[in-house]
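The chain below stands alone, shown as structure tokens; this is the form predicted alone.
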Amino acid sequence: MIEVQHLTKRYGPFTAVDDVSFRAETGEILGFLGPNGAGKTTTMRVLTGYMPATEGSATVAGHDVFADPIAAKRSTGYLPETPPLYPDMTVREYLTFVGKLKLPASVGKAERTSRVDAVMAKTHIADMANRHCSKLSKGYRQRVGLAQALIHDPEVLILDEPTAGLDPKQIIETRALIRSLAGSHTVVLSTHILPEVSQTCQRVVIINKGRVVAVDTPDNLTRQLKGSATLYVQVDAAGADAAPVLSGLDGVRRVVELDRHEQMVGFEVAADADRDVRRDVARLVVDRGWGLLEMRPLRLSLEDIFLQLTTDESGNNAPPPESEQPHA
């Protein structure tokens, strides 16, 4: 549904997006994740036809964004980071106006009104229908922006920071709404908020300093980056030093003490990749007469993955550019 090949965007000597390639399948929710200044918004603007690329290609719903921009835009709903509202219109007036712009000329007034009512209900803004956009809170502005992106029932939705400014209840509602769109819409969700991706998206593209550093499901990224099977093991070793004993097991690469409370000690036990040492650990603990209190796999969180992929080789956080577009 979306295919991006070797996309590059330069502003003079500054490269905001550098040879980016990814694809989104039909009905998929794809997370576009990166720190502030990584190039996410620039990529979204190129995909939606708001600005041209310097190099590369992009297709949306089978339409080339550069060669056939009108058809691509008809297939796309876009929520920019700042929703494009008209402050002097009420919410209903604004959505009716947007409907006139986006819906085919064959759609009559009654159907257009029905569409407006439907998207207001879906985005939970019906109670604000007669309020001027200038009087809306930031959270309601965000939801009106989402409603305008949905009004023509596009095949593709591109959402740039869709929960920015929402309160916790509104965030939960918006995430549920986005999840409900999977299947009937292909969604690209740009964000720097890690829970947004883990709770909403099926796959993730991680971008840093204008370049793609990973494309996969969160689970696959966890397996690839961990590089070993890692367990949390908590034992009651009756005062014995359990770490060297656990380290002596075949296939165990590293044992690190994580916590201690009286005789109970918790360890991170890292084994060779694709090696399951749980039975060996359990047998050793029982044979020693210790108590096995807990044993569970340790997985990288999405935050750990993000930090690994966006940190430079020296171990410092890679500083993002001050802005995706250089100062004049």
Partner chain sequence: MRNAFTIAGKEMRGFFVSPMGWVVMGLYALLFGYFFMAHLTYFVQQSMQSQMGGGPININQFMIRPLLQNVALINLFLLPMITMRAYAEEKRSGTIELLLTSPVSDLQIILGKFLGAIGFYAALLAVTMVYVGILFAFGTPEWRPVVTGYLGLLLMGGCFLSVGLFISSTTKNQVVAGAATFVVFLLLWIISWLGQSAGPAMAAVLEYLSIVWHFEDFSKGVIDTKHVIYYLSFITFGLFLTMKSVDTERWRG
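Quick caveat: nothing in here was measured; it's all calculated off a predicted structure. Numbering follows the first chain given and starts at 1.
Omitted from view is the form predicted in complex with its partner chain, to which the following refers.
Even though its partner chain is not shown here, does residue 11 get within 4.5 Å of it in the model of the complex, heavy atoms only?
Yes, residue 11 is a contact residue.
Just checking whether residue 154 would be counted as a contact of its partner chain in the model of the complex - the rule being heavy atoms within 4.5 angstroms.
No, residue 154 sits far enough from its partner chain in the model of the complex that none of its heavy atoms falls within 4.5 Å.
Heavy atom of residue 135 within 4.5 Å of its partner chain in the model of the complex:
Result no; residue 135 lies far from its partner chain in the model of the complex.
In the model of the complex, residue 104 touching its partner chain (heavy atom, 4.5 Å):
Because a heavy atom of residue 104 falls inside 4.5 Å of its partner chain in the model of the complex, the answer is yes.
Partner-contacting position among 88, 167, 111, 241 - heavy atom within 4.5 Å of its partner chain in the model of the complex
After the contact test, the surviving option is 88.
Pick from 266, 49, 35, 56: which residue has any heavy atom within 4.5 angstroms of its partner chain in the model of the complex?
By the 4.5 Å criterion, the partner-contacting residue is 49.
With its partner chain left out here, work out from 198 to 206, 89 to 97, 181 to 189, 241 to 249 which stretch has heavy atoms within 4.5 Å of it in the model of the complex.
Stretch with heavy atoms near the partner: 89 to 97.
Listed by sequence position, which residues of 138 to 158 have a non-hydrogen atom within 4.5 angstroms of its partner chain in the model of the complex?
Sequence-ordered list has one entry, 148.
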